[in-house]
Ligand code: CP
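Let's start with one chain on its own, the form predicted alone, as structure tokens.
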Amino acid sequence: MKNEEKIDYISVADFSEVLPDIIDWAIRMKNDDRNLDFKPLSGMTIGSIYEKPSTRTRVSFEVGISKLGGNPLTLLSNDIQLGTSETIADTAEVLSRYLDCITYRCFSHSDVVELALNASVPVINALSDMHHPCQAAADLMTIVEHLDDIDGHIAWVGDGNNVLHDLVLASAIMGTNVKFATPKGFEPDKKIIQLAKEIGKERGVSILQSYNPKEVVKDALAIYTDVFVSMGEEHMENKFDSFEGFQVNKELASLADRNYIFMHCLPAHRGEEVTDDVIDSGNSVVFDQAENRMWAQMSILTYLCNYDAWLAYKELL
């Protein structure tokens, strides 16, 4: 049995107190050229379960774990009996005997919650239909890197999905205002937005909901969008039609602050939610976001799996 006092990272709200330090640690690690022999995951094996195909999530976790001295073990959905011939609870118990941490990229959020409840090692939500906390940590890391002054707002244009959920929560934790526009019928979860407002209230954060992309983009310091039809929603044939007027193009982006940054968690469906002249412009930071998934996750992994080493490195900075 592993340490029962373990911490999980299922939603970015789980790190409501420590997220600024997680991000600061990641930025400093990324820019640390001292070549320290820092291997906080040495002797540890981190298992990553994937129900969905992945590029950024899988590569960023495998490379990041290796950089930290750990052994990454990737488990595709066909490799194990999770939720089929074996319950999620039993799988969690078994994997906890072998692994030091589990990351889980799944369809249903209730599955990662159940895995975490039954695992005796830390569990990281690598994406579910309700939350994407690792992406949110990378997003706010990117914003901190690129915007010297965050005395403005982030504008979200698109679907009220898992990325938006944790973006709003993370922004509230970091003290950054958010305005988001979705088509009617595609609003984010009300309970999550209410939680973000409660977190942000003590930090003076404003969270504004709209159905008008132009309203939220006006004077924005950052514009963020995502695919209109997510993986697993391909059967929703008419969903795309609801997003007319929500494409982030040069005309819409012209309403933002002159030095705005464009953000997208990728992969992008070019010509649908964003045009080439925006995503390929000098304002785009999408590939910095992609790289920062690795650094943010390295900070999260070290914090969860070897807190003493995380704290010791933090004190060296």
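Keep in mind it's a predicted model, so treat the numbers as computed, not measured. Each residue number is its position in the shown sequence, starting from 1.
This next part talks about the form predicted together with this ligand, which is not shown.
Which of 49-57, 35-43, 22-30, 270-278 lines the interface with this ligand in the model of the complex (heavy atom within 4.5 Å): After filtering at 4.5 Å, what remains is 49-57.
Using 4.5 Å between non-hydrogen atoms, is Gln135 touching this ligand in the model of the complex?
Yes, contact at 4.5 Å.
Quiz item: Is Cys265 a contact residue for this ligand in the model of the complex, using a 4.5 Å heavy atom cut-off?
Solution: Within the cut-off, so yes.
Original post:
Given that the partner is absent here, does Arg105 sit within 4.5 Å of this ligand in the model of the complex, heavy atoms only?
Top reply: Yes - in the model of the complex, heavy atoms of Arg105 and this ligand come within 4.5 Å of each other.
Along 275-299, which positions have a non-hydrogen atom within 4.5 Å of this ligand in the model of the complex? The stretch touches the partner through Arg293 alone.
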